[in-house]
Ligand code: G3P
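Shown next as structure tokens: one chain only, the form predicted alone.
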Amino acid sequence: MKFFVDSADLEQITLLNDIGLADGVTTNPSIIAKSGRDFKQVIAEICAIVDGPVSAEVIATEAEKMIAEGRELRKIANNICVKLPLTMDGLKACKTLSSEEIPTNVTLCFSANQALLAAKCGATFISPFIGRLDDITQDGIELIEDIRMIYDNYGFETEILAASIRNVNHIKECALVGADVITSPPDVIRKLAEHPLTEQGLAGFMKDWATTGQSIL
């Protein structure tokens, strides 16, 4: 499973990338707005940190303008992945950009039918929002399962990029049902390493080692 970092925080992206836990980055207009910085500059700096795909989202809602914005975004760096909304206009833009070999991430997916359309239009990634489905008492992980089955049935190459990750259980469940990628806030990725028994065990080792008076270096 690939780990994408859902953030525009350059420091956090760098920290996770240095560990090997940033296979890519996803952004959206809300994330960039919170940074208070120039959109293209932030995206360019992120692209320089990670080798993998960096999703940059169009602002237009009409297909031809989405296509123009997508082409412009792609000029920023070779690892730009153009993020498009799952609307009919977004799908049209996806088809055109994909035919030009520009990677695409079709976002705001909430049903398997939508995911099927995105794959048909050549999307590189489909982004089902599992946390937002859970918020309205629908099962986000079940959606990942349904998409996985449909894509496997027909050999679609579109990768399932599970988004709206809220907690470490979301990541585990996505891994169990076969999501290709998760995109998560940095703090949730870091929490994957945490367990009280690990901390308790390490404290015990350190206490015992201190009694020896020895040093490895």
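From 1 onward, residues are counted along the sequence shown. Everything quoted here is computed from the prediction, not taken from an experiment.
The following text describes the form predicted in complex with this ligand, which does not appear among the structures shown.
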property: Partner-contacting position among V177, V50, I31, V42 - heavy atom within 4.5 Å of this ligand in the predicted complex; result: I31
property: Option touching this ligand, based on a heavy atom within 4.5 Å in the predicted complex, out of R166, K65, K191, R148; result: R166
property: Interface stretch in the predicted complex with this ligand - options 140-148, 125-133, 87-95, 70-78, non-hydrogen atom within 4.5 Å; result: 125-133
property: T183 within 4.5 Å of this ligand in the predicted complex, heavy atoms; result: yes
property: Those residues of 71-97 which, in the predicted complex, come within 4.5 Å of this ligand by heavy atom; result: K83
